[in-house]
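Read the single chain below, which is given as C-alpha coordinates and is the form predicted alone.
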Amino acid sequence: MPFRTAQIGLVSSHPEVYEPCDDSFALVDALLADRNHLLEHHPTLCMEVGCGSGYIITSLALILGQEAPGIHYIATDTNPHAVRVTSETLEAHGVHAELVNTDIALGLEKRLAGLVDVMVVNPPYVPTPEDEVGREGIASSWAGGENGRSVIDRILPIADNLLSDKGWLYMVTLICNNPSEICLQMRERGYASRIVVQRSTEEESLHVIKFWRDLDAQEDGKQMVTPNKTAPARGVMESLLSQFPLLSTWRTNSNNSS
(Lines give C-alpha, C1' and ligand atoms only; values in the text may rest on other atoms or scores of the structure.)
Protein backbone atom coordinates (compact mmCIF):
# COMPACT_ATOMS: atom_id res chain seq x y z
CA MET A 1 0.00 0.00 0.00
CA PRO A 2 1.65 3.29 -1.03
CA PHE A 3 2.03 6.03 1.54
CA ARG A 4 -0.64 8.75 1.52
CA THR A 5 1.89 11.40 2.56
CA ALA A 6 5.63 11.62 2.98
CA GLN A 7 6.88 9.70 6.01
CA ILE A 8 8.98 11.71 8.45
CA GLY A 9 11.38 8.80 8.88
CA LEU A 10 12.13 8.91 5.14
CA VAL A 11 12.49 12.69 4.89
CA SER A 12 16.15 13.62 4.39
CA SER A 13 17.75 16.40 6.42
CA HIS A 14 20.64 18.85 6.56
CA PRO A 15 21.58 21.44 9.23
CA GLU A 16 20.89 24.26 6.75
CA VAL A 17 17.50 22.94 5.58
CA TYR A 18 14.14 23.61 7.27
CA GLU A 19 12.64 20.42 8.66
CA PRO A 20 8.90 19.64 8.47
CA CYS A 21 7.05 21.44 11.24
CA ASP A 22 3.51 22.62 12.12
CA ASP A 23 3.26 24.79 8.99
CA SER A 24 4.39 21.94 6.73
CA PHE A 25 1.90 19.56 8.32
CA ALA A 26 -0.90 22.12 8.00
CA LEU A 27 -0.26 22.55 4.27
CA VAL A 28 -0.18 18.80 3.67
CA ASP A 29 -3.37 18.42 5.72
CA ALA A 30 -4.98 21.06 3.47
CA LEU A 31 -3.99 19.06 0.40
CA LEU A 32 -5.39 15.89 1.97
CA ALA A 33 -8.63 17.68 2.80
CA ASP A 34 -8.89 18.85 -0.80
CA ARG A 35 -7.75 15.55 -2.35
CA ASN A 36 -11.01 14.70 -4.10
CA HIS A 37 -11.18 18.17 -5.62
CA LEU A 38 -7.53 17.88 -6.69
CA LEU A 39 -8.23 14.58 -8.44
CA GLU A 40 -11.28 16.06 -10.18
CA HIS A 41 -9.11 19.04 -11.14
CA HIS A 42 -6.93 16.79 -13.37
CA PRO A 43 -3.73 18.83 -13.00
CA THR A 44 -0.93 18.25 -15.49
CA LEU A 45 1.71 20.45 -13.83
CA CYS A 46 2.16 20.88 -10.07
CA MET A 47 4.77 23.17 -8.56
CA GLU A 48 6.19 23.92 -5.13
CA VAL A 49 8.04 27.18 -4.46
CA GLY A 50 10.54 26.73 -1.64
CA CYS A 51 10.68 22.94 -1.33
CA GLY A 52 12.98 22.74 1.73
CA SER A 53 13.13 19.12 2.87
CA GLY A 54 10.83 17.92 0.08
CA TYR A 55 8.12 16.86 2.53
CA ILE A 56 5.35 18.85 0.82
CA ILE A 57 6.06 18.18 -2.88
CA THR A 58 6.60 14.49 -2.06
CA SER A 59 3.33 14.40 -0.14
CA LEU A 60 1.48 16.07 -3.02
CA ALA A 61 2.81 13.47 -5.45
CA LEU A 62 1.74 10.67 -3.07
CA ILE A 63 -1.69 12.23 -2.39
CA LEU A 64 -2.46 12.33 -6.11
CA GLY A 65 -0.64 9.05 -6.67
CA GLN A 66 -1.62 6.48 -9.28
CA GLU A 67 -5.13 7.90 -9.58
CA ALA A 68 -3.70 10.92 -11.38
CA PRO A 69 -0.96 9.61 -13.69
CA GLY A 70 1.04 11.76 -16.07
CA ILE A 71 1.46 14.77 -13.77
CA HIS A 72 4.75 16.64 -14.00
CA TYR A 73 6.04 17.92 -10.67
CA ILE A 74 8.54 20.75 -10.33
CA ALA A 75 10.01 22.29 -7.18
CA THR A 76 12.32 25.22 -6.62
CA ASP A 77 14.45 26.47 -3.74
CA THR A 78 17.07 29.16 -3.42
CA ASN A 79 19.04 26.93 -1.02
CA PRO A 80 21.15 24.32 -2.87
CA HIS A 81 21.19 22.08 0.20
CA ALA A 82 17.38 22.01 0.08
CA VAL A 83 17.41 20.88 -3.54
CA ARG A 84 19.69 17.99 -2.67
CA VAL A 85 17.66 17.02 0.41
CA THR A 86 14.40 17.17 -1.58
CA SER A 87 15.91 14.90 -4.20
CA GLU A 88 16.76 12.35 -1.50
CA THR A 89 13.28 12.60 0.05
CA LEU A 90 11.60 12.06 -3.32
CA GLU A 91 13.82 9.09 -4.11
CA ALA A 92 13.14 7.50 -0.70
CA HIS A 93 9.41 7.58 -1.47
CA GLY A 94 9.68 6.40 -5.07
CA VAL A 95 8.33 9.58 -6.66
CA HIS A 96 9.94 12.12 -8.97
CA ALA A 97 9.98 15.88 -9.45
CA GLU A 98 12.08 18.23 -11.50
CA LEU A 99 14.19 20.29 -9.08
CA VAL A 100 15.58 23.75 -9.79
CA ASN A 101 17.94 25.75 -7.57
CA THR A 102 16.56 29.24 -8.10
CA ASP A 103 14.86 32.17 -6.36
CA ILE A 104 11.08 31.53 -6.54
CA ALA A 105 10.88 30.90 -10.32
CA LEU A 106 13.74 32.96 -11.72
CA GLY A 107 14.58 31.68 -15.20
CA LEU A 108 11.37 29.66 -15.43
CA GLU A 109 8.86 32.45 -16.08
CA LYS A 110 8.59 32.04 -19.84
CA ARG A 111 8.67 28.26 -19.80
CA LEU A 112 5.97 27.88 -17.12
CA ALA A 113 3.80 30.94 -17.82
CA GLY A 114 0.12 29.98 -17.69
CA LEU A 115 0.85 26.27 -17.26
CA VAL A 116 0.87 25.53 -13.51
CA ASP A 117 -2.39 23.90 -12.41
CA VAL A 118 -1.47 23.52 -8.72
CA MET A 119 1.08 25.60 -6.81
CA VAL A 120 1.94 25.03 -3.15
CA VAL A 121 3.93 27.50 -1.07
CA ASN A 122 5.04 27.51 2.55
CA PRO A 123 6.81 30.88 2.29
CA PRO A 124 9.24 32.62 4.63
CA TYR A 125 6.59 34.37 6.74
CA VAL A 126 8.28 35.18 10.06
CA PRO A 127 8.58 38.96 10.71
CA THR A 128 12.28 39.85 10.73
CA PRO A 129 14.54 42.79 9.92
CA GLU A 130 14.67 43.27 6.15
CA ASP A 131 18.40 42.58 6.03
CA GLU A 132 17.75 38.98 7.08
CA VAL A 133 15.60 38.24 4.02
CA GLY A 134 17.30 36.18 1.35
CA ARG A 135 20.30 35.14 3.40
CA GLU A 136 21.99 31.89 2.54
CA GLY A 137 21.16 28.68 4.33
CA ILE A 138 18.24 27.92 6.61
CA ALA A 139 17.43 31.59 7.30
CA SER A 140 16.06 31.86 3.76
CA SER A 141 13.26 29.46 4.73
CA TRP A 142 11.74 31.63 7.45
CA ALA A 143 12.98 35.26 7.32
CA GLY A 144 10.05 37.26 5.92
CA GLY A 145 11.00 40.90 6.58
CA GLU A 146 8.50 43.49 7.78
CA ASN A 147 5.23 41.79 8.82
CA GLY A 148 6.64 38.63 7.24
CA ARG A 149 5.44 39.86 3.86
CA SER A 150 8.59 40.65 1.87
CA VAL A 151 8.84 37.29 0.12
CA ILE A 152 5.08 36.67 0.03
CA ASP A 153 4.52 39.95 -1.82
CA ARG A 154 7.14 38.89 -4.39
CA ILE A 155 5.56 35.47 -4.86
CA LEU A 156 1.98 36.63 -5.54
CA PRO A 157 2.55 38.30 -8.95
CA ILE A 158 4.81 35.44 -10.02
CA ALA A 159 2.12 32.93 -9.07
CA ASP A 160 -0.42 34.95 -11.06
CA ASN A 161 1.84 34.73 -14.11
CA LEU A 162 2.56 31.01 -13.79
CA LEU A 163 -0.89 29.69 -12.87
CA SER A 164 -3.05 28.32 -15.64
CA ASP A 165 -6.62 29.47 -16.27
CA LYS A 166 -7.73 26.74 -13.85
CA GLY A 167 -4.71 27.17 -11.58
CA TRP A 168 -4.95 26.79 -7.80
CA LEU A 169 -2.55 28.25 -5.23
CA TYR A 170 -2.25 26.90 -1.69
CA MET A 171 -0.28 29.19 0.64
CA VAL A 172 0.56 29.18 4.35
CA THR A 173 0.19 32.48 6.19
CA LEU A 174 0.37 33.78 9.74
CA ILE A 175 -2.12 36.22 11.27
CA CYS A 176 0.66 38.82 11.48
CA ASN A 177 1.04 38.59 7.67
CA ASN A 178 -2.45 40.18 7.41
CA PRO A 179 -3.94 37.34 5.33
CA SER A 180 -7.13 39.30 4.58
CA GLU A 181 -5.00 41.89 2.80
CA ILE A 182 -3.25 39.13 0.86
CA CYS A 183 -6.67 37.82 -0.19
CA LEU A 184 -7.72 41.32 -1.22
CA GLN A 185 -4.59 41.72 -3.34
CA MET A 186 -5.31 38.43 -5.04
CA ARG A 187 -8.95 39.40 -5.56
CA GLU A 188 -7.73 42.49 -7.40
CA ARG A 189 -5.90 40.02 -9.67
CA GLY A 190 -9.12 38.05 -10.18
CA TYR A 191 -8.84 35.31 -7.57
CA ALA A 192 -11.34 34.05 -5.05
CA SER A 193 -10.03 32.52 -1.83
CA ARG A 194 -10.98 30.40 1.14
CA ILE A 195 -9.29 28.98 4.22
CA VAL A 196 -8.75 25.24 3.86
CA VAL A 197 -7.00 24.68 7.21
CA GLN A 198 -6.74 26.92 10.27
CA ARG A 199 -4.44 25.86 13.09
CA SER A 200 -3.35 27.61 16.26
CA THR A 201 -0.33 26.67 18.35
CA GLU A 202 1.14 28.30 21.43
CA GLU A 203 3.43 30.32 19.19
CA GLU A 204 1.42 31.11 16.07
CA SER A 205 -1.92 31.06 14.28
CA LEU A 206 -1.61 29.48 10.84
CA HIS A 207 -3.96 29.61 7.87
CA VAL A 208 -3.63 27.62 4.66
CA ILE A 209 -5.43 29.65 2.01
CA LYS A 210 -6.52 28.36 -1.38
CA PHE A 211 -6.74 30.82 -4.28
CA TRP A 212 -8.36 30.20 -7.66
CA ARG A 213 -9.32 32.30 -10.67
CA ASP A 214 -12.94 33.42 -10.46
CA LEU A 215 -15.10 35.53 -12.79
CA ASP A 216 -16.84 37.32 -9.90
CA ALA A 217 -13.48 38.11 -8.34
CA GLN A 218 -12.21 39.43 -11.67
CA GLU A 219 -15.19 41.79 -11.87
CA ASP A 220 -14.67 42.90 -8.28
CA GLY A 221 -11.01 43.47 -9.06
CA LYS A 222 -11.90 45.76 -11.95
CA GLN A 223 -14.24 47.77 -9.73
CA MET A 224 -11.71 48.05 -6.93
CA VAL A 225 -9.10 49.66 -9.17
CA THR A 226 -11.62 52.06 -10.71
CA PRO A 227 -11.57 55.55 -9.10
CA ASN A 228 -14.48 56.46 -6.79
CA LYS A 229 -15.76 52.87 -6.59
CA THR A 230 -14.96 52.03 -2.99
CA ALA A 231 -18.15 50.22 -1.96
CA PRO A 232 -17.26 46.92 -3.69
CA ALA A 233 -13.81 47.03 -2.10
CA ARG A 234 -15.32 47.55 1.37
CA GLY A 235 -17.76 44.71 0.80
CA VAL A 236 -15.02 42.37 -0.33
CA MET A 237 -12.82 43.33 2.63
CA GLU A 238 -15.68 42.64 5.06
CA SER A 239 -16.22 39.26 3.42
CA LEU A 240 -12.52 38.43 3.66
CA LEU A 241 -12.30 39.56 7.28
CA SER A 242 -15.16 37.22 8.16
CA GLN A 243 -12.89 34.31 7.20
CA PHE A 244 -10.28 35.41 9.69
CA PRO A 245 -12.02 35.83 13.07
CA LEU A 246 -8.71 36.01 14.92
CA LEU A 247 -7.58 38.85 12.68
CA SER A 248 -10.89 40.67 13.12
CA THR A 249 -10.56 40.39 16.91
CA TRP A 250 -6.96 41.53 16.79
CA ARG A 251 -7.92 44.57 14.72
CA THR A 252 -10.79 45.43 17.07
CA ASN A 253 -8.54 45.21 20.10
CA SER A 254 -5.88 47.30 18.39
CA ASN A 255 -8.43 49.98 17.51
CA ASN A 256 -9.79 50.05 21.07
CA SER A 257 -6.33 50.49 22.53
CA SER A 258 -5.35 53.38 20.28
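Position 1 is the first residue in the sequence shown; the rest follow in order. A quick note: this is a predicted structure, and the numbers were derived from the prediction, not measured.
There is also a form predicted together with a small molecule; it is not shown, and the following applies to it.
**Student:** Taking a heavy atom within 4.5 Å as contact, would all three of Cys51, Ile104 and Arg154 count as contacting the small molecule in the predicted bound form?
**Tutor:** Yes: each residue has a heavy atom within 4.5 Å of the partner.
**Student:** What stretch, of 109-117, 179-187, 75-83, 91-99, brings heavy atoms to within 4.5 Å of the small molecule in the predicted bound form?
**Tutor:** Going by heavy atoms within 4.5 Å, the stretch is 75-83.
**Student:** I'd like to know whether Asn122 contacts the small molecule in the predicted bound form, with contact meaning heavy atoms within 4.5 angstroms.
**Tutor:** Yes, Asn122 lies within 4.5 Å of the small molecule in the predicted bound form.
**Student:** Could you confirm whether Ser12 comes within 4.5 Å of the small molecule in the predicted bound form, counting heavy atoms only?
**Tutor:** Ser12: no contact with the small molecule in the predicted bound form.
**Student:** Give a yes or no for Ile56: in the predicted bound form, does one of its heavy atoms lie within 4.5 Å of a heavy atom belonging to the small molecule?
**Tutor:** Yes, contact at 4.5 Å.
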